[in-house]
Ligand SMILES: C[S@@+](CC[C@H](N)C(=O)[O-])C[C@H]1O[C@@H](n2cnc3c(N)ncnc32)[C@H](O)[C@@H]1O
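Starting off, we have a lone chain in the form predicted on its own, written out as structure tokens.
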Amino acid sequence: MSGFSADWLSLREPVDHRSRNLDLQAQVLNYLEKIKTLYPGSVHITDLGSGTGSNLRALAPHINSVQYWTLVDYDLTLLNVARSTLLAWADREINMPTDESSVNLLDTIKPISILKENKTIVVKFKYVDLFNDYQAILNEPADLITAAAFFDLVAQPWLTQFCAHLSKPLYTVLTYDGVEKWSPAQVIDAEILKAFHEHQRTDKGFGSALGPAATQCLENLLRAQQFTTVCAPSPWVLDHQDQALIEQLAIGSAKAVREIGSVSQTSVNQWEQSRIQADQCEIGHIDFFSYKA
């Protein structure tokens, strides 16, 4: 899968957290309260493409149970950053009894047990190639599978197989939906966005990526598997307080458009320079929850 730097993930984390759809999040939390979990009094969550652990930091403070998280990523550097960042984020590290049977000798990152806002959170880190080994992850015990900004990177054949093997509830947030509104608007915006969407559909490590079509594809596949599905908007709404993120978005989008080559260099350069200084922009995302009643 295409790599993302820890700096980029850190820059977007506050915006990701405030953009999550709180109504859908409340529905997920209510679901976790009501289900009979694998182990009474605890919740087991597996986070796919976990990066530095942002999804855990957003959701964990709202879960009342003792929590066991498995963070899964194919970037060992990000998993190590996740461990150090979570330790810094925690109120303190605690000692928990170790289940030796659950420790994989091939795992290179030591699990942690932390306390945050009186919530006990135990975290394991798994270095896994999800393109090839997703079935092994889905077969592990979990009450919920989560992901953030992940499914727009995958290809339809992979997603079809993933959904065919999925038996657990899935909660995925901040999947790109292709809607972008920059202010002030420019005539060139539509041409730039078309080229950017073309880049979004290039191979990100799973084959030709679904890009903006990901959530609709995911919903169709899981409905066919008799899942109940719920979608909710979670757009980034950025203004002058988010100038650093706006600047990096403009630079990253322009770079992607240049790689496609369908827009003149002069036009891309002019668009980039104006968008670096944009007053506002909105980037569309969708949150998604699916479960079997």
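Predicted, not measured: the structure shown is a model, and the values here were computed from it. When you see a residue number, it is the position in the sequence shown, counting from 1.
The form predicted in complex with the ligand exists for this protein as well; it is not shown, and the discussion that follows is about that form.
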Quiz item: Going by a heavy atom distance of 4.5 Å, is Glu180 a contact of the ligand in the model of the complex?
Solution: no
Quiz item: Counting only non-hydrogen atoms and a 4.5 angstroms cut-off, does Ser50 reach the ligand in the model of the complex?
Solution: yes
Practice problem: Indicate whether Ser54 is a 4.5 Å heavy atom neighbour of the ligand in the model of the complex. | Solution: yes
Quiz item: Closest heavy atom of His285 to the ligand in the model of the complex, within 4.5 Å or not?
Solution: no
Quiz item: Which one, Leu78, Leu210, Val123, Leu144, lies within 4.5 Å of the ligand in the model of the complex by heavy atoms?
Solution: Leu78
Quiz prompt | Stretch in contact in the model of the complex with the ligand, which is absent here, among 125-133, 162-170, 85-93, 210-218 (heavy atoms within 4.5 Å) | solution = 125-133
Exercise. Verify the flagged residues His197, Glu247 and Ala250 against the ligand in the model of the complex: is each one within 4.5 Å by a non-hydrogen atom?
Key: no
Quiz item: Within 139-160, which residues come within 4.5 Å of the ligand in the model of the complex, counting heavy atoms only?
Solution: Ala148, Ala149, Phe150, Leu153
